[in-house]
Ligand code: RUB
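Just the one chain here, laid out as structure tokens, in the form predicted alone.
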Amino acid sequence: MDQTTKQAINKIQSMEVQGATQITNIVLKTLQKEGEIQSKKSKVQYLKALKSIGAALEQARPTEPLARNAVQFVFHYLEHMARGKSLAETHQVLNKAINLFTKLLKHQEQKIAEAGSKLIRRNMHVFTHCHSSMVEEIILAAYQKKKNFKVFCTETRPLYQGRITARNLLKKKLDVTMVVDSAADFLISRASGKELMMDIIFIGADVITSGGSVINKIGSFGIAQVARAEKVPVYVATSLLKIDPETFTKRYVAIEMRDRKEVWPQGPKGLKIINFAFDRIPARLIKGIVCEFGVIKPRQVASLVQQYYPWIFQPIK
């Protein structure tokens, strides 16, 4: 494995690069760089090396199917479009596949932002958890339409990704209020007072399952439960390319466990710490999924993925 790939994997695993879209971007850029490095070999060696690199990059963060599906797309494109071509032509096909997927994600982001922004009305209290580039784009799109609303976000311990959301939105002059994670449920509830009642909740997704449930940052499940009890709609903003194809044959999705030191760097010896990175939001708690096909019901996920992304299920030769 080349140093370029090792550095990319280290950035992903250390959380220097985080978020499904950002991880996918670094995976694709690494494949592109490695393609340049491997282009001095024979075509057989080139493809073999790239597939090995792609497999290593896919596993850098197991709970990120968008990156895995991106790699799947690239190699399916190579398989069909580089057949019978020279090494130089095959390398051009690789670059074209990467550019196509990157443009696809950008196009989807714009469609999701437009669809989601229509759900935000004037004077609303909009709540979000962790940092989602998709949710951020929805909020900014609504703001650009001159809608006056307030945003509430969590700090998102232990790595404080909510601060990314807060900083980014403040830079755009939005009205932003932060609460500690343990106050999120109370804030959403009626008990916090009429002036603090939330009107709508947007969260991102790291994984979508075939049944329409979503894996997202730890804390999302509790937020969705309280929202359901208080009749506050929960919308998930995501591309359906975050589908985990394995959920079509099995329901279980492994939840990543992070290092205990993220929670308490100098914690007392002998103390056990469980540091879940994610949790699962059942489909029944989700009002709608804001995706590239508009605002859909969780039950529509499987049929749309099978119709528009059949290559996800096809093994790479």
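Just so it is clear, the structure is predicted and the values come from calculations on it, not from any experiment. A residue's number is simply how far along the shown sequence it sits, counting from 1.
This next part talks about the form predicted together with ribulose-1,5-diphosphate (RUB), which is not shown.
- A heavy atom within 4.5 Å of ribulose-1,5-diphosphate (RUB) in the model of the complex is found for exactly one of Cys130, Ile243, Ala142, Ala184: Cys130.
- In short, of 226 to 234, 76 to 84, 89 to 97, 130 to 138 it is 130 to 138 that has heavy atoms within 4.5 Å of ribulose-1,5-diphosphate (RUB) in the model of the complex.
- Among heavy atoms of Asn216, some come within 4.5 Å of ribulose-1,5-diphosphate (RUB) in the model of the complex.
- At the 4.5 Å threshold, heavy atoms of Met15 reach ribulose-1,5-diphosphate (RUB) in the model of the complex.
- None of the heavy atoms of Val301 is located within 4.5 Å of ribulose-1,5-diphosphate (RUB) in the model of the complex.
- Although the partner is absent here, Gly204 sits close enough that one of its heavy atoms falls within 4.5 Å of ribulose-1,5-diphosphate (RUB) in the model of the complex.
- Looking at 154 to 193, the one residue that comes within 4.5 Å of ribulose-1,5-diphosphate (RUB) in the model of the complex, counting any heavy atom, is Gln161.
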